[in-house]
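First, one chain by itself: the form predicted on its own, in structure tokens.
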């Protein structure tokens, strides 16, 4: 069995150790993404865009061209780069706020237009950087800074299932999946398929990543992984929701 490298070759070593909180899932998600980039050998032609929120701490994560955008604007900036230079591989990296709240209109329209980019969205069920407030992904009954008695779906509505929505509005060439940092190899395979889909020119690629946030969940190590695997994954099923059926030329 091949031994997984400690650090992806595409990582920028000078920025490690990273700036995320201990136990944060972003580091695992970014390692899986880095290994996917390494596997495909696309580091020299990849542009990485990150949003405001915890995801902005990835601005110096990779040894490749990177842009950090205004909150919620990573998706349009990245597909603008892709349209300007179609030979580039363009990745938009964001949290649930950047994709499902302030940036929702950009995500929805990019998916509907089948933009040839890859979006990676980290879902840790709350707004982490600003203190752990309720987000579009906060679970029913989950306690946060702004829902101290738990999310009440009668007043706050139900959590957003982003991949399910994206799968419904994208054409057949799209790739849509939900992974988890609890199964990094499976997540890595999803990210490889998402990037391969962009390389093939088939269509929009979207991977949601279920991630840990012990700082705002106020959990120890055992409680953190239990909440992720037994509660979060129960509400947000992991798996591939949409796999490209064919190449664009074959659909004409």
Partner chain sequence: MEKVVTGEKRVFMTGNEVVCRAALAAGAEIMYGYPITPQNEIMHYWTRLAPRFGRRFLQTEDELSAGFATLGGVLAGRKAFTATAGPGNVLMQEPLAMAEMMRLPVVSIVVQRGGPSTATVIYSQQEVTLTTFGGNGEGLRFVYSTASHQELYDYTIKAFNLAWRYRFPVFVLADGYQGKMREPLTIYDPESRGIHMEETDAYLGRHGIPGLDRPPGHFRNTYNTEEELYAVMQGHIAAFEQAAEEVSEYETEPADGGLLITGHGIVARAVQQAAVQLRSAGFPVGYFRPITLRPLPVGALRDTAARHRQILVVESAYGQLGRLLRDAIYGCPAEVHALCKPGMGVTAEEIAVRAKQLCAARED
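Please read these numbers as outputs of a predicted model, since none were measured by experiment. Numbering follows the first chain given and starts at 1.
What follows is about the form predicted together with its partner chain, which we do not show.
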| property | result |
| --- | --- |
| Options 93-101, 74-82, 118-126, 165-173; stretch whose heavy atom lies within 4.5 Å of its partner chain in the model of the complex | 74-82 |
| Contact of residue 65 with its partner chain in the model of the complex (heavy atom, 4.5 Å) | yes |
| Contact of residue 12 with its partner chain in the model of the complex (heavy atom, 4.5 Å) | yes |
| 4.5 Å heavy atom contact, residue 60 to its partner chain in the model of the complex | yes |
| Partner contact for residue 109 in the model of the complex: its partner chain, 4.5 angstroms, heavy atom | yes |
| Site check 140, 185 and 233: each within 4.5 Å of its partner chain in the model of the complex by heavy atom | no |
| Partner-contacting position among 197, 215, 224, 43 - heavy atom within 4.5 Å of its partner chain in the model of the complex | 43 |
